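First structure 1, then structure 2: two forms of the same chain, each alone, as structure tokens.
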Structure 1
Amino acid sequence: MPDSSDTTLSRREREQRRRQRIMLQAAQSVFAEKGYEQATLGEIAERAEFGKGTLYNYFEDGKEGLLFATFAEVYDDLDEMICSTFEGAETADYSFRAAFHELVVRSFAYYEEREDLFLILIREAHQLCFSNDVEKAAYFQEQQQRMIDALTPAVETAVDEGRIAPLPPQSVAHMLLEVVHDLIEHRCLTEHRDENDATCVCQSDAPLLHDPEAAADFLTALLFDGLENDSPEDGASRSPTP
């Protein structure tokens, strides 16, 4: 969605964008709170302080249009994050491992910044991936592929340069993104639970999840060094954590 403060636009157009943003934000807050199915256009309109009919002037497909505009926003952000984190593979001191560590940290930061968007992504995109509507399923396939494509070149380079094991780059990229996604999702889940139920006992791995650095360390160590305990026989074979 173009920025509503873009000065190349006429006042009228800027005004339109601004309203569109207000409606989208209202929709996001309702979706995050109630979930897509439970959200009603009435409540979104009320929160945006517009009439129900007005929403249709800005989002032809109504509720669904608002949902997909939300997806577009979050997928653009994620793509940008992956690309910028793994750029500079030519630099002398570039480390794929360190870049991955950074991705985990940045993902956490983004989650904290836009908790609402993540909640919507996690809940609704997952559901819609399994939709019987071919168009919708294809949309999510494309978006996921876009994320994988953003990461794959970096994995390929790392494999070529012998930094990581010679496994299929696409599969590795897929697996890495999946694991990060899971971590954020798990944190999101525990936080969501704590909000609903203040009496909830803290899980044993809670500190791991709430400290971005600790989580990134755990994940990086697990994925790069592996679970196998080869240090007793052979202490020198492990790389230090970045």
Structure 2
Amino acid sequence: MPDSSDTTLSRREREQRRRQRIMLQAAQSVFAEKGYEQATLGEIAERAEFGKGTLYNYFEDGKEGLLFATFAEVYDDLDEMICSTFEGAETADYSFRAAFHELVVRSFAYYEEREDLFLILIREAHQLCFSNDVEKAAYFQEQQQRMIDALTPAVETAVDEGRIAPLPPQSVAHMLLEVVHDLIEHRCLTEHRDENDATCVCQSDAPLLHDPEAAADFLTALLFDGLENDSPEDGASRSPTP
């Protein structure tokens, strides 16, 4: 995302940011195409049209530095999306349900615009989350908590005002974000699975995976209305389970 602070930077600083942006975009392109392990710094440098030494001047940790800069970009974007979607929770015409619906739609739009970033996040972050590197695993736990913390105030307000059930706000925030993430991840994985894979996507899933409004309607109804039908089928009365 463009940084509005660029207008306050000197010409040299703007040029440095421009170069850094080009390098990062080149790395993201290579990571998305080949995966992190198969990508080489030489190929990234060639695609960015800079020397490897120049890349190290901007990203001291080389390929790994570019990878984590990519993660930071995604998480920054998601944090801003959550905060802006749920702002105004104290206003009279605010609807927590409508805000969640909008979050689903905006999340799908972001995926479609930045599919390369989601590919990298899904492929590489999962492995690092469960790696033996405690520091890297902690990084992703901190980012997940950051997203939860961004949504929690809106959940707390909705609970306090009786708009949603009085459940633990952090747990609710976590669950809401996870269902959105999981549906988008499902779409990403099905679109990029091996063409020779015998598995297929259930046809009934298609509208949910490719129509943001349908996905938002589905998740909103599921989470806010629930699965249970208050009207028993065929007029049969319900009896408590022994």
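Since we're looking at a predicted model, the values are computed, not measured. Just so we're on the same page, rigid core means the largest C-alpha set that superposes within 1.5 Å between forms. Residue indices: 1-based, along structure 1.
It is structure 1 that shows the chain in the form predicted in complex with the DNA. In the core-superposed comparison between structures 1 and 2, Phe68 has its Cα shifted by less than 2 Å. Once both forms are overlaid on the rigid core, the distance between the two CA positions of Gln16 between structures 1 and 2 is 2 angstroms or more. Look at Lys52: with the core superposed, its C-alpha moves 2.8 Å between structures 1 and 2.
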